[in-house]
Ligand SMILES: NC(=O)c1ccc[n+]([C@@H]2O[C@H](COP(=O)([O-])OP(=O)(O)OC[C@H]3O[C@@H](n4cnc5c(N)ncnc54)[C@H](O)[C@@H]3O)[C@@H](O)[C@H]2O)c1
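Presented as structure tokens, the chain that follows is alone, the form predicted alone.
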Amino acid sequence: MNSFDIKTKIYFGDQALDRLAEIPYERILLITDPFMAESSMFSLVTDPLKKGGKQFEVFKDVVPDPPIEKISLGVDKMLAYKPDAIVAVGGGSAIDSSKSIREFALRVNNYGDVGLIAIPTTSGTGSEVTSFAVVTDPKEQVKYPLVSRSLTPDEAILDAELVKSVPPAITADTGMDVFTHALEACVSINRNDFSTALAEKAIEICGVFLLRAYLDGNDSHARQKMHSASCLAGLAFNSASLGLNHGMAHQLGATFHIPHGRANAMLLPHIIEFNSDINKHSKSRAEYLPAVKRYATVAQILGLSSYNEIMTVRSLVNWVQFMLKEMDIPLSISQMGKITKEEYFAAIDRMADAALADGCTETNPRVPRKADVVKIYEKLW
């Protein structure tokens, strides 16, 4: 028996941040990064709290790919301040940090129910509605995905005002992260009718609005739509989980500090090809892998089609590559120019082992062998 539910209450649209004046908490710990804490936009969050008479303190020691030591500092801050609720303001790193800080602090001292409100400032991770968080061990160069229903935020506030200033490169990376979340949810072995409906709507929105948001950051309609798509994709993969794309991207981020959305985007054409096996032209229709039909459906949602399913999936690969080129995302590691061939290939064996052990890989539609993962990493060079 399966089940589907949405724990997080979502506030969205114009003036969504006004919700902060009404939240049923009096003592708030704001968790964010230094840039956001010092930005003029931060007043969009603090002003409603002040209007509602809320007390708050700020923990701003959030960094990309949240390392364990920063989480520990946040735990110390929370236990010292003892808030009624945490309000996470930022991208995936701030929200994941907040989830982890609350989880670990309450294991040390469960002094009461502590609410978690997530306010994303990028349209990408969907972390504001998921039971997932990722923390990093820099010494071991490993990312650890955490999965627990208790990590899921109680509320999410989606306000496009907070994403208008996001630069084009981050809009591109986070937007392709949204698309990857939705696509992996569509082909996951744990997919269901509810998760698929959410994922397909996110894909439809990405097809129409991602490039618009990239080309014009002040396009409020496109920004709000991509904010919604990110949340929809988060709800989809929270139910269906993800796949090999994320399992491999986590290792690229942990080892070479490639931004998560960018790593996902660069891997995506190779993963579609692997999961559908479209490069084997001798197969009859009856021998197509199960993912072929689902990828073909996605291609049709994007307005792509061809005279058979294999060619339609090929058109999906071409569309992804087109989007990467249009948004100036490298198609290969060598194009990035920061990583030497020697250091990259020296890391492949270890990254392949870690990708296979990653929890996201378990729900991939095609079971990969180590040789398959190694080959994909090599092709990515």
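Owing to the predicted nature of the structure, the values given are computational and were not obtained by experimental measurement. The first residue of the shown sequence is 1; numbering continues from there.
We do not show the form predicted together with the named molecule, though everything after this point is about it.
- Checked against the named molecule in the model of the complex, the residues 251, 188, 121, 245 give one hit for a heavy atom within 4.5 Å, which is 121.
- Interface residue among 78, 172, 263, 162 relative to the named molecule in the model of the complex, by the heavy atom within 4.5 Å criterion: 162.
- Partner proximity in the model of the complex, defined as non-hydrogen atoms within 4.5 angstroms of the named molecule, places exactly one of 49-57, 320-328, 337-345, 34-42 at the interface: 34-42.
- For the marked spot (66, 125 and 132), a heavy atom within 4.5 Å of the named molecule in the model of the complex is present in each of the three residues.
- Mapping the unseen interface onto this chain, residue 166 counts among the residues with a heavy atom inside 4.5 Å of the named molecule in the model of the complex.
- In the model of the complex, the named molecule lies farther than 4.5 Å from every heavy atom of residue 225.
- At the 4.5 Å threshold, heavy atoms of residue 83 stay clear of the named molecule in the model of the complex, well away from it.
- The named molecule in the model of the complex is approached by residue 93, whose closest heavy atom lies within 4.5 angstroms of it.
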